[in-house]
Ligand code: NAD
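Quick setup: one chain, the form predicted alone, written in structure tokens, and binding and motion questions come after.
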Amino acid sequence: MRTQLFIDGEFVDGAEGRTIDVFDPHDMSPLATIAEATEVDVDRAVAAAKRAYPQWKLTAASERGRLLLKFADAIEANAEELALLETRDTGHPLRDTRGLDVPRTAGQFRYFGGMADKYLGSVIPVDRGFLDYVVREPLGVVGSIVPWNFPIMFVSWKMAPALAAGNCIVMKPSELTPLTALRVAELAAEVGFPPGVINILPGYGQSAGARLVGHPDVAKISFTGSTPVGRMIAGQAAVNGTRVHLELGGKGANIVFPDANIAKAVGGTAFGIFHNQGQACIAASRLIVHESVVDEFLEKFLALTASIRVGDPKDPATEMGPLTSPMHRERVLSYVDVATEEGGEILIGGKAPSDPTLADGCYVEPTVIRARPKSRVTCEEVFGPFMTVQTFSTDEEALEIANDVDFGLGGGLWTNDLSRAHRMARDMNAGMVWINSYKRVHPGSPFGGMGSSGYGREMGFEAMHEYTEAKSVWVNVDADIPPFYPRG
């Protein structure tokens, strides 16, 4: 296991010799002690990326794509190792890291490897006699700050389009879950990315993160994390005029209409809220169900919730593992107290599991709470296996409840009425809407939100726009331009 910083194509010690202890959230046993990046290390990495950029920018797009495709192959070749490492570092069940996280990571690099030489410019129909063509150029050095909830997957979400477009990258993974990012860096060196193109610096936000955001040689910051931190980053980046892409919090509305297929809605809702222990910005954290079917839905949903196998994430039979840190576990449990104080009814969960083998870990039972309208638990992001239930009687009321939060990331709805489905999708304040499903993602589909959920998009052609800028070139082919000043 690599435990040093990855700068300029090499693993090196941190300049100040500081370290970070990394723990397994299943039982809080130590996993590794890694180097901590500080401001000095950020300066070293940005300088390396700045040196590498001119050559990487001029590297043929097909060659950049070839390296990204090799990168995808290397991730797939080491999939089992990466899946187990991600499981131990984050608490994701092994069945999820094997079946979703690592395959999605490889798929992201493969998608943008294929896009590198297919991302086209345009020709603008301007005045006769002129040719105006627009090319997309990379930005330069990109700083990326990756959260702890899906660390390996988010590495690819930010790295793949940035590299495909011709940028160099300095990435700060979370100090809580840095291990797969360092392993990915090792694979990048083996694949043959030139020194300085990729730099990985685990560290803390207040030191390494702040320096990356404020560095004058960083052209863009891409941040995934909480809304308060994202707003702070936007303010810091504005000092240098640095571009910012923010993928922030969410409070996903999940609406079940009376004509929905209840069995499918129950299964899809459970995936939407309990996958990865609810630690997802797009989690289906607000169930909004029609009053005529709420009893039937909850009977089936609570039975399914009670059956979820909570346990050691390294066990392939485990369906829900621990939260990623003790601090976050306490935060999630604190919202149970908030819900009770606000008059909410705990329908299931709301506490740590009684299993003594899980007592040392960061576990919380899957929790469902019938909540009052406009309560804190229906408006604030809990980011755990914690779902609130509200009811509605009309489509207009459902839409009003769905849009009555500051967030606008993802939302879903379940209905067999085609007109209603498209109408609700149109009117929901969300960057992504799922109809008769929830939490589906694909490398080609843009991912991002509005309002307090941030701005900018991951994935798809939209992501290539995020990592390039347009240059317009005017050519006078045969236009006869009369003198503007006739005396000249």
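One-based numbering along the sequence shown. Because the structure is predicted, anything quoted here is derived from the model rather than measured.
We do not show the form predicted in complex with nicotinamide-adenine-dinucleotide (NAD), though everything after this point is about it.
Tell me the stretch among 241 to 249, 97 to 105, 395 to 403, 412 to 420 that has any heavy atom within 4.5 angstroms of nicotinamide-adenine-dinucleotide (NAD) in the predicted bound form.
The contacting stretch is 241 to 249.
Residue 447: heavy atom within 4.5 Å of nicotinamide-adenine-dinucleotide (NAD) in the predicted bound form?
Yes.
Quick check on residue 224: any heavy atom within 4.5 Å of nicotinamide-adenine-dinucleotide (NAD) in the predicted bound form?
Answer yes; at least one heavy atom of residue 224 falls within 4.5 Å of nicotinamide-adenine-dinucleotide (NAD) in the predicted bound form.
Is residue 148 close enough to touch nicotinamide-adenine-dinucleotide (NAD) in the predicted bound form, meaning at least one heavy atom pair within 4.5 Å?
So residue 148 counts as contacting nicotinamide-adenine-dinucleotide (NAD).
Looking at the partner-bound form in the predicted bound form, is residue 271 within 4.5 Å of nicotinamide-adenine-dinucleotide (NAD) by any heavy atom?
No - in the predicted bound form, heavy atoms of residue 271 and nicotinamide-adenine-dinucleotide (NAD) never come within 4.5 Å of each other.
Three residues, 7, 67 and 180; all within 4.5 Å of nicotinamide-adenine-dinucleotide (NAD) in the predicted bound form via heavy atoms?
Contact check failed for every one of 7, 67 and 180.
So which of 229, 79, 135, 126 reaches within 4.5 angstroms of nicotinamide-adenine-dinucleotide (NAD) in the predicted bound form, heavy atom to heavy atom?
Answer to the contact question: 229.
Let me know the one among 366, 321, 209, 196 whose heavy atoms come within 4.5 Å of nicotinamide-adenine-dinucleotide (NAD) in the predicted bound form, would you?
Selected option: 209.
Pull the contact list for 264 to 298: residues with a heavy atom within 4.5 Å of nicotinamide-adenine-dinucleotide (NAD) in the predicted bound form, in sequence order.
Contacts from 264 to 298: just 281.
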